[in-house]
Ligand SMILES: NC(=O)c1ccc[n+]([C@@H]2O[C@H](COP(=O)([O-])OP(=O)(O)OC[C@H]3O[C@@H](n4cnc5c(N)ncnc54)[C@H](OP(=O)(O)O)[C@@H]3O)[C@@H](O)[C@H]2O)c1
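Starting off, we have a lone chain in the form predicted alone, written out as structure tokens.
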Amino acid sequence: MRISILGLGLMGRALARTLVKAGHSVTVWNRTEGKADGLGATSVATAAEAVEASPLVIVCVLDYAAVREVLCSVQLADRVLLNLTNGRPAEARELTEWVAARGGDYLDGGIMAVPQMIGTPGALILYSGSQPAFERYEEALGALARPRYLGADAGLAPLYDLAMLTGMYGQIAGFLEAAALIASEKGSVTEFTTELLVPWLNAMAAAQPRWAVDIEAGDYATDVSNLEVNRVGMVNLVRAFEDQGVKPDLLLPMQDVLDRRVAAGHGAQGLSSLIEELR
């Protein structure tokens, strides 16, 4: 297929390289020259030329404002614009109308992978927006990553993307706090992580699907440690950090949510009930 890519940062280059390797005819454009070297793609001087070259146009730039800036003077008639730029659901819905007003069809995408993962079995890209456009190009897009279509609302891909990133950042925050605590006694962070923390977290993750069912049912009864027990435990945890000279900054927001939930009279519920403080 003929596919154009606008934006050749680390991710854009990975997308182009993978599509070329899969046998597609790839045209690329970047604001600065030289980024197309070694990709095996056809480089053009303007975004308009790139859009004219292919019925599927993939844009991967810094943000949605940059998407509009790049395409502001380009006609999109009979083109599918696939936006693989990170952004918000509201921005994706606005861009759908913006593209439609210029005669194009819109797909939004959330890349759940780093550039080195593109084209490997572990990569995932979430899609939402025009279902006919997705179905037309699903096979070609499968060369990049496992495609998962979420629905016709273009805002769904960025919503799920941000939700998955939220889970990742929460995990990173917990790891960094734990590593800082171990390092405060000059313990081996590597040994702690590989031999203790990761195996334990993998075991604990098995509870999350059950929590998801409880959240959807609004049933927060628990047969393990309840919120009051966890509230007291968090107080001890924060004090231990302070004793060790380690900042508990990434834990304090969760302590605040725990305190609010218990103060509201829900101390007997499980941790999954904290979602009610976030709604």
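Position 1 is the first residue in the sequence shown; the rest follow in order. Note that the structure is predicted; figures quoted are calculated from it, not measured.
This next part talks about the form predicted together with the ligand, which is not shown.
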Which of 140 to 148, 68 to 76, 173 to 181, 99 to 107 sits within 4.5 Å of the ligand in the model of the complex, heavy atom basis: 68 to 76
Every residue of 231, 251 and 274 near the ligand in the model of the complex, heavy atom within 4.5 Å: no
The single option of 152, 114, 163, 206 touching the ligand in the model of the complex, heavy atom within 4.5 Å: 114
is_contact(residue 11, the ligand) in the model of the complex, heavy atom dist at most 4.5 Å: yes
Distance check, residue 193 to the ligand in the model of the complex, heavy atom within 4.5 Å: no
Touches the ligand in the model of the complex: residue 62 (any heavy atom, 4.5 Å): yes
In the model of the complex, residue 31 touching the ligand (heavy atom, 4.5 Å): yes
Interface residues of 68 to 92 toward the ligand, as seen in the model of the complex [heavy atoms, 4.5 Å]: 69, 70, 84, 85, 86
